[in-house]
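Only one chain is shown below, in structure tokens, and it's the form predicted alone.
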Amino acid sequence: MSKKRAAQLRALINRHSELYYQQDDPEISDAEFDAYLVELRELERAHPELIVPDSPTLRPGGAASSTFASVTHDVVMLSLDNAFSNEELAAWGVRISKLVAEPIAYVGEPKLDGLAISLLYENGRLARAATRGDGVTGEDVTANVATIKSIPAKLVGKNLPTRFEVRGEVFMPLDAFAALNYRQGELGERLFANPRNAAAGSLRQKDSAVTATRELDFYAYQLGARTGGPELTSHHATLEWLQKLGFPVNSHIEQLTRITEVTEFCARVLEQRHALGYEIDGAVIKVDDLAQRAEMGTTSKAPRWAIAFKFPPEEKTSKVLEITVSIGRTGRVTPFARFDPVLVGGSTVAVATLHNEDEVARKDVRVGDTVTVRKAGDVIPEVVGPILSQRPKNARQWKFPANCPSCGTKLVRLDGESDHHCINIECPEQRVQRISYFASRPALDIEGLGEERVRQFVDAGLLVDVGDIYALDKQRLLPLERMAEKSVDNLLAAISQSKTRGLARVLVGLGVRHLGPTAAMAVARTFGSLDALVAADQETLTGIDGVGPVIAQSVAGFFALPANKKVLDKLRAAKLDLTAPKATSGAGGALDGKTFVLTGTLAHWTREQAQGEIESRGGKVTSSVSARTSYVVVGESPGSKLAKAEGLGVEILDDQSFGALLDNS
């Protein structure tokens, strides 16, 4: 049985290795591939007689493609052993500590999910670039690598080696990946599954002019063989030297002195995973002292002095059980797939969006398909696409429904739009979604009034629109299922508290089309009250910074509808705070001329409150970081804006320093 399973695993690994390394078209996720390798390694460890000379566990990579000329590396490009838990990381630390006499210091760095590359320089000029391939033989991709702006073609400096090799990772930033897939979609071409495959596919283009359009980037992380140059005794000193020569080096690399610091570093990198602007799948830990590395040596596949700490997978495969649609608060119809639950990105996922009719058709997802599911952090899970080789023979193409599943109204798709809409404003499902959104955290933040409870109240005839929330009372709520006295008291207290949120969040909660939180804040602070806003004409609205003709028309049209006027009357009668502090006009504010960008969750302010504090002092809040940005205010779980700010040298404020700035201004 063990012999048969080992043979099966070798065949699976070889097949998927070819798809991954040579065709850049994987059928399974990295996590599933790793699981096959781990299982085979454990089998071989328990039964050494099963080890064969060409076992995948003995190879550092995949075979080189035949598309390019082959290159034999001066020094073998090994891969890394993996650790999947703190316990495995600690065990590695114990193992290597027994190989040397002196204490060990480490260097930690994010593990980029890209393509390993070898750069050979002769007399200060780039002479050759090669992929890792199988570790011994790679592909000559010099012409394509020469188009990557961050890789120096000529080095400037003293005491340069006459010949030396630099190793690093070619990757595609997330913004570039999104732009590439958008262009691919517009042209009707195949979309790339992830940035790693996009980078690999771009680097293997026969025409280097195509590679030049792909916005690839590079970080150096290792020095290979060299002749001449300065004496280097540590890894961190090597990286500093490479940086002086003009090679980009990751700014998140840290020196670490104990294995406990190593685990803390890995946890920090995991926390920052979605704020870097590029994909990583783990952290790499290396012994810093080069002499200790030499003592530790290598296996046939990996150095003993380094290990990759792999993060929880963010892509998995699963079987589609059902494809159906949901109706949003504006009537937009969104198709989604239900599939066998899988653990992705640290949470169990059983539903993922398919976006719209065109996306379903383009991806051709069908019931019964095995699909790749992706989830990055808190991002809504999506179906990347089906694995066609595993499609059942009887799988039928899915057709978009003609009528709304909630109210039966014929669905409408306007010319030039990708979405279908249910145009019946009395649609029960739209009503549930509108009220749920009004009660959600970005709007009135009514704790305890989630979608399930809203649906219960709508079905009971207690809620028709958002104004009815403030007419709920104990007498009508107590008879309902799952509404004990304490639950009712807590809900009514949360509803009462929501009355103080202010005009901007009420505007967000009303769901005026095109009016997002930033524009809602601008509108609220311009007029100062709901009554003044309702009385404003479209021309006045268009004059507000950040409010164009489309938003102005939508806002004016919303307040002109009789049904919406009735809702506003209910909110006034319930004594909601429908005012906002007016923005400072003209110069003279303490923050006049200063531009801020907000990212992450702030501890002491909502996004709208922070923006209001800034604007009341004459400052301005924008959505993107540039060289003209004055400050980036960073909260918990910041996005890629933090990495961009660090790269541009923009001043970064945490909660405490932001509060001090407000106090002093």
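Predicted model, so just to flag it, every value in this text is computed and none were measured. Position 1 is the first residue in the sequence shown; the rest follow in order.
Although not depicted, the form predicted together with a small molecule is the subject of the following passage.
Undergrad: Going by a heavy atom distance of 4.5 Å, is residue 421 a contact of the small molecule in the predicted complex?
TA: Answer no; every heavy atom of residue 421 is more than 4.5 Å from the small molecule in the predicted complex.
Undergrad: So in the predicted complex, does residue 110 come within 4.5 Å of the small molecule, heavy atom to heavy atom?
TA: Yes, residue 110 sits close enough to the small molecule in the predicted complex that at least one of its heavy atoms falls within 4.5 Å.
Undergrad: Is residue 286 close enough to touch the small molecule in the predicted complex, meaning at least one heavy atom pair within 4.5 Å?
TA: Heavy-atom contact with the small molecule at 4.5 Å: present for residue 286.
Undergrad: Are any of the heavy atoms in residue 132 no more than 4.5 Å from a heavy atom of the small molecule in the predicted complex?
TA: Yes, residue 132 lies within 4.5 Å of the small molecule in the predicted complex.
Undergrad: Can you work out which of 116, 354, 320, 552 has a heavy atom no more than 4.5 Å from the small molecule in the predicted complex?
TA: In short, 116.
Undergrad: Heavy atom within 4.5 Å of the small molecule in the predicted complex: which of 79, 147, 86, 292?
TA: The residue in contact is 79.
Undergrad: Among 461-469, 278-286, 93-101, 486-494, which stretch sits within 4.5 Å of the small molecule in the predicted complex, heavy atoms only?
TA: Of the options, only 278-286 has residues within 4.5 Å of the partner.
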